[in-house]
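Below you'll find only one chain, the form predicted alone, shown as structure tokens.
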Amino acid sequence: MPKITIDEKDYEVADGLMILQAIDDLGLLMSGVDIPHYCWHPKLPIDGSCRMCQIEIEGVPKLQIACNTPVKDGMVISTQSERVQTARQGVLELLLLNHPLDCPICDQAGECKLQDYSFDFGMPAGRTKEPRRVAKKAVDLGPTITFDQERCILCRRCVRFCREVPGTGELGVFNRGERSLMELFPGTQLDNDYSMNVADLCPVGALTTKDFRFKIRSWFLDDVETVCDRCSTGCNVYASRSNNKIYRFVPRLNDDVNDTWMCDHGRLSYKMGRENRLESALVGGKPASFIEGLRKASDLVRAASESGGTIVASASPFSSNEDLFTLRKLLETLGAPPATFSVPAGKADGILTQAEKAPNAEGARALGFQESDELAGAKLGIVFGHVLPATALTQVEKWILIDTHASDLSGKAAVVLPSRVVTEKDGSFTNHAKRVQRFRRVVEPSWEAWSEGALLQQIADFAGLDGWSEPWDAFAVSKRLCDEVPAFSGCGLTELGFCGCELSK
């Protein structure tokens, strides 16, 4: 492995890499070795257009760009010499030549690399007196993205993304020299399933999503690690929240799952936590207090159990591993057969989107649940979610529905108890590749709702079942799951790192 010296410190790096990639792989890029960059992105082909990452290499007469210079053994690199700093100032001055200095009204302010680098590496004031180039403002590129052409610094990240990831290639840089402009190809729209990733890639606020544009300043947000639940990929995301409200999902780096991308459908799914929610219990189809619903559900469980009637359950692939494990334990306590579950299906795209449109079908399988599109005949059914239609429950005399959203099942269940969506609780999902990933509570519902596992514990406690008096806690349940189910060994909530871990074989 090549040994190189960067700013008088020695490092050993992997062979065959460019300098910037090697530094990034060491975890030092902008975290100990400051080499500002715009066009370079670890998941895109090298472009070398911004010239911001210039460095000085001993024995090489001219400055080199770190993104496109291969590592060589014995290389001595300076990233902070006077020549380098002067070159960076020159590049920044050039980039700002036509860029509007309107940070106070720019939606990217607070998370803009041009703003950050200008403060850290730029000149204190511009020297130009000529008017800036006139370019288009608020251009509608398609259903999801707005483009402020005057802000674009032509880093071409968006162009390479559309060409390389979705393979649609709607964007290009047209004309030459100072007349170069980023545009849509004639007759096209930016309308692919991953279009909103270009806003994440844009370092300067030229591309913004219509969904988030001018909703809130970025410094009012804090980001919470969670997982998308729209398909079995389980893309890693940050949920940006403020005042108990989620404003956006943005993808979070995980090389084993989603690189740094996510689909537009998953990105906009944060809104589903607000729409058509079940906000109160229902008893016989009529609104009831939460306690009334809980007592009625426990009465049904006790009556079915004492009469020797069969109890069946339908699990949900949208429930966490911890909620599903609690259901399994309750069924064991009642002497009922293992739960079944059904998985909604759709199209896979070969990029990130999987055919299974639920985040935790693999978790249900690992817990021993079998797939079925209907429930067997029984005196009482316990149903998670609304994946199954009402026609699949015709052989069940009565059922208790634990769900997040109103559906056809809500009005037909004997009891309905409102539960929490993924952003309102702690837990883990197991994705299609058998990777267990943790999600964290982002917001609190403004009505009484609990996770499915917590509701089952309260029903069992009210019904007087032995061993169910302890309040439900996702972390305690996770530990018990790891202890009792070998596949989940080492996959507890406190053990799962930033990127999750695979089920044991």
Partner chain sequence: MITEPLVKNYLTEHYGDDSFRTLKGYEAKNGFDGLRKAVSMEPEEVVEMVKSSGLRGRGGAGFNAGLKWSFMPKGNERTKVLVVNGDESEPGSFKDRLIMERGPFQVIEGVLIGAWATGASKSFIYIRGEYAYAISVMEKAVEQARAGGFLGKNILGKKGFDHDIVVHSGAGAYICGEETGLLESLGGKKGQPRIKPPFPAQHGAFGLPTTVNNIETFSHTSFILSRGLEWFQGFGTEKSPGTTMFGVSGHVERPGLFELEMGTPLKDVIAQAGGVRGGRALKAVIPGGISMPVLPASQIDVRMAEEFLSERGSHLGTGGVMVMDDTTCMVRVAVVASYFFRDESCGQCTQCREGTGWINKICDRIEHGRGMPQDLELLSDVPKLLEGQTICAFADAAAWPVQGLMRHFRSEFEQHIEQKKCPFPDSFEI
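These figures come from a predicted structure and were not determined experimentally. Residue numbers count along the first chain shown, from 1.
Omitted from view is the form predicted in complex with the partner chain, to which the following refers.
Q: Only one of 54-62, 436-444, 461-469, 474-482 has heavy atoms within 4.5 Å of the partner chain in the predicted bound form; I'd like to know which.
A: Single hit among the candidates: 54-62.
Q: With the partner left out of view, is M18 within 4.5 angstroms of the partner chain in the predicted bound form by any non-hydrogen atom?
A: Close contact exists here: in the predicted bound form, M18 approaches the partner chain to within 4.5 Å, heavy atoms only.
Q: Flag V224 as yes or no: does it have a non-hydrogen atom within 4.5 angstroms of any non-hydrogen atom of the partner chain in the predicted bound form?
A: Contact with the partner chain, no.
Q: Is there any non-hydrogen atom of P337 lying within 4.5 Å of the partner chain in the predicted bound form?
A: Contact with the partner chain, no.
Q: For N243, is any heavy atom within 4.5 Å of the partner chain in the predicted bound form, or not?
A: N243 lies outside the contact set for the partner chain.
Q: Just one of A348, A390, L94, A345 has a heavy atom within 4.5 angstroms of the partner chain in the predicted bound form, so which one?
A: Exactly one residue meets the criterion: L94.
Q: Using heavy atoms only and a 4.5 Å cut-off, determine which of L409, A288, L154, A135 is in contact with the partner chain in the predicted bound form.
A: For this set of options, the contacting one is L154.
Q: In the predicted bound form, does every one of R302, S305 and I311 come within 4.5 Å of the partner chain, counting any heavy atom?
A: None of them does, since no heavy atom lies within 4.5 Å of the partner.
Q: Using a 4.5 Å cut-off on heavy atoms, what residues in 19-53 are near the partner chain in the predicted bound form?
A: I46, D47, G48, S49, C50, R51, in sequence order.
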